[in-house]
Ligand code: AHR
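The chain below stands alone and is given in structure tokens; this is the form predicted alone.
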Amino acid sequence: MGLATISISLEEPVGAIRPELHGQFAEHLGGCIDDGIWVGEDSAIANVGGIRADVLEALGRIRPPVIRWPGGCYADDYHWEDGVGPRKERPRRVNLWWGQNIETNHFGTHEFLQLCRYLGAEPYLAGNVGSGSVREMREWMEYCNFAGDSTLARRRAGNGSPMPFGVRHWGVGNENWGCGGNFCPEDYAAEYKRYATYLRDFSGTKPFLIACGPDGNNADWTRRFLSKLGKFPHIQGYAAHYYCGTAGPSATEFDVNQWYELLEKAARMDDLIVEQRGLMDGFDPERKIGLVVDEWGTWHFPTPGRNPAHLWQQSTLRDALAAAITLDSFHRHAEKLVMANIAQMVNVLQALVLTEGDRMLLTPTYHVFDLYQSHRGGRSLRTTFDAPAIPFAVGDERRQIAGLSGSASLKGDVLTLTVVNPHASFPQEAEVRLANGAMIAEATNMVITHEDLAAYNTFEDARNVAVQRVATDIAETGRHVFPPRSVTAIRARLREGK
């Protein structure tokens, strides 16, 4: 394959890469909460106040900046008062959406906010619009945030938290075009305004209210919702959901064309960000409303032998590349986004962590989030990739995917360049061109790859797919060879050219 080029403009910052673009999502679904995050204080599995110690340690290493909870579809059938007070007195409820399991409500508001405190993460609470009431959500906000002497503040103190939690991020419903009430955009906009009118600044914590956006890149929903919303001021975020889905029979069974098909679907996140932000700009040219993608990831067909309602799936090398392609999209469009949350954190969909009994493993997707941490807080730089496109087929249709993609950011004199080479077989050499005569003084190179496209980690071989440190001579040659089917992160200290 010919020489590719990666051109990085150091003088054209796109915007700051908010840590919140690497956010997480934990829903009461399958084994995400019970057995994944929560085992209870009496469990034989090591725990910290009922939260699994091994999962807590693993998540702590990637420092999740924000965590969304309790759903998802579960949020619009969740009543927060079920999850506060003595655990033995909390009601047992049927999980309407995810297999009709019994929810003990042992993991509720206090337990979730303690998880966030342990991890240093901002909490993002999704409120119940579908089956709840304005009063219920308004009282949840008062319970969490009010510092005065109200009955709800006293109740919070009696439950172990005299000081308010100071929760800023609140979702006003979830997927209200579907499981959140099957609203049309106009009806949901009316409901949103009714709810948001009563969601107030309690004791100095001004809420960041997030409205339900479209299913995928649905222009009609956005246009109609914002038209009906009008000049209503109490909205700070607007959340789209985008699952790139699957290609092939299962998460671990696919051919080469299906490898490319899924990665090309992941790359369509670019279109969603650009087109949704463009539509929003027509109504909100000052960008007072931030674009959020609070559910994203792969979604494969049910795993044989497991409850299909629990959405458990393996995470392979292919999923890792899909995650990297998506995170790079967020970085390249950093000025257009305020938050993004992968679905989901543990044991569900594109999970970062899988558990089974007292065992735990880190998935290839976890390693991508670990590898990409150095982007957080950096200035996204305008970066162009010129590499031969890769053709593939979906049935009789011919498609193509970019031969290289990625993102670059700068913090001080340290450049982070992340690159995905999706080619199933061939490496790609690229010349890295830095504008304004800057040069690389020294660099480190970390890679995620495997000879098997469907490689994944198991409890017996938990490091089958992991981050490898590989030598690079990019500082001497200005070039680097990106291995096939790989995610690469190069961290380079820059110096001025002669």
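Everything quoted here is computed from the prediction, not taken from an experiment. Numbers follow the displayed sequence, beginning with 1.
Not on display, but discussed next: the form predicted in complex with the named molecule.
Next on the checklist: Among the candidate stretches 253 to 261, 342 to 350, 81 to 89, 392 to 400, which one is within 4.5 Å of the named molecule in the predicted complex when only heavy atoms are counted?
Outcome noted: Of the options, only 342 to 350 has residues within 4.5 Å of the partner.
Checklist entry - Of 73, 113, 226, 360, which residue is found within 4.5 angstroms of the named molecule in the predicted complex when only non-hydrogen atoms are counted? => result Comparing distances to the named molecule in the predicted complex, the residue within 4.5 Å is 73.
Item to check | Residue among 67, 59, 29, 432 with a heavy atom within 4.5 Å of the named molecule in the predicted complex | outcome: Answer to the contact question: 29.
Checklist entry - For this chain shown on its own, do 247, 301 and 456 all sit within 4.5 Å of the named molecule in the predicted complex, going by heavy atoms? => result None of them does, since no heavy atom lies within 4.5 Å of the partner.
Next on the checklist: I'd like to know if residue 25 sits close to the named molecule in the predicted complex, meaning any non-hydrogen atom pair within 4.5 angstroms.
Outcome noted: Because a heavy atom of residue 25 falls inside 4.5 Å of the named molecule in the predicted complex, the answer is yes.
Next on the checklist: Within 4.5 Å, heavy atoms only: does residue 174 come near the named molecule in the predicted complex?
Outcome noted: Yes, residue 174 is a contact residue.
Item to check | Contact flag, residue 189 vs the named molecule in the predicted complex, heavy atom cut 4.5 Å | outcome: So residue 189 does not count as contacting the named molecule.
Checklist entry - For residue 328, is any heavy atom within 4.5 Å of the named molecule in the predicted complex, or not? => result Result no; residue 328 lies far from the named molecule in the predicted complex.
Item to check | Heavy atom contacts to the named molecule in the predicted complex at 4.5 Å, residues of 280 to 295 in sequence order | outcome: Only 295 sits within 4.5 Å of the partner.
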